[in-house]
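Presented as structure tokens, the chain that follows is alone, the form predicted alone.
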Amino acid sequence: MKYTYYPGCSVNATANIYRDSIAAIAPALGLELEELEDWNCCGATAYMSVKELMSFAISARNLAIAEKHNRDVVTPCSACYTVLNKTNHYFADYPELRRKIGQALEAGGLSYSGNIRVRHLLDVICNDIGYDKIASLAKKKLAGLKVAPYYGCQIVRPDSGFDDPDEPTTMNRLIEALGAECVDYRMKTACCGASLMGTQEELAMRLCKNLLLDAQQNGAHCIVTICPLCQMNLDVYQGKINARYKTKFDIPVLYFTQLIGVTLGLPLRDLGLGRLAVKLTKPMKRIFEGANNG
């Protein structure tokens, strides 16, 4: 269970809670994540729309370095996954683009043959480790907890290869394996606004408000996501959304790795649950504190 790990910029900075929860659960799951040496920013999805060839080239640099280890590349960030996976597919499918990327890599003393897979951490945990194994390791089932899974708009589109692009279920099944109730709501793959929060805040906040409202109206105690930017938008801006729209949202937004960590009996402080902008509600605290003694 050894993988080449590409953390990406957000996980090492604004999403350090995600980083810490991944580090906490990996040993317990038997997951060995060896960080890619000398990795660089993938450019995220925005850069691909500005300078596409440059975006492909800098992403391919990471893939070229990773190929030396001859194992899957795993990332926890939806944007990083989308860009690296797209680069890998386009490199394979478009000969002229492959030639140009090859020239760019050659200038940096690298080459890439396209012989590795890019995978999201959710895929690895659910499909390589498996739901049954995770359930067997759980110290406590999260009975009574209603969880709204939020996939976001990038992870399964246009084609992740591990879930349905219109009706993904990977995280649904994970939530159920952990003993919680999975809340069905229609906006689980809708966009949160992503980086528009920095350029068109009102639009992004309206998108987030709609997501939060849908989860709330369907009885969710919390939202669980797999993307650093989605988590930040829904968590950090929730107070500002309440002020703008006169709403009263009080919905904690967790990473899926934090939820796994609770069931594994890991100390809550190691999972970063005390560092969320929207704090755990009293009902959630009772469930979580009953799930471990940390």
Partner chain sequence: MLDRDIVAEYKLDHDFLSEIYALPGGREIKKCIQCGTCSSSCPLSYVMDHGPRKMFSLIRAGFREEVLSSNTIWFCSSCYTCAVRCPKDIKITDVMYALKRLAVKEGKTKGKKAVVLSRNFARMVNTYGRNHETELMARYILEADLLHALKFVPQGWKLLVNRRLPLFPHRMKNMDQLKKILRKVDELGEI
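Just so it is clear, the structure is predicted and the values come from calculations on it, not from any experiment. Numbering follows the first chain given and starts at 1.
The form predicted together with the partner chain is left out here; the points below concern that form.
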Counting only heavy atoms and a 4.5 Å cut-off, does the partner chain in the predicted bound form sit next to every one of A92, Y151 and G161? no
Can you pick the stretch from 211-219, 92-100, 123-131, 138-146 whose heavy atoms fall within 4.5 Å of the partner chain in the predicted bound form? 92-100
Given that the partner chain is not shown alongside this chain, does M54 nevertheless sit within 4.5 Å of it in the predicted bound form, heavy atom to heavy atom? yes
Looking at the partner-bound form in the predicted bound form, is R286 within 4.5 Å of the partner chain by any heavy atom? no
Against the partner chain in the predicted bound form, would M48 count as a contact residue? Criterion: heavy atoms within 4.5 Å. yes
In the predicted bound form, is there a heavy atom of the partner chain that lies within 4.5 Å of any heavy atom of N40, even though the partner is absent here? yes
Can you name the residues of 242-280 that have a heavy atom within 4.5 Å of the partner chain in the predicted bound form? G274, R275, L276, A277, K279
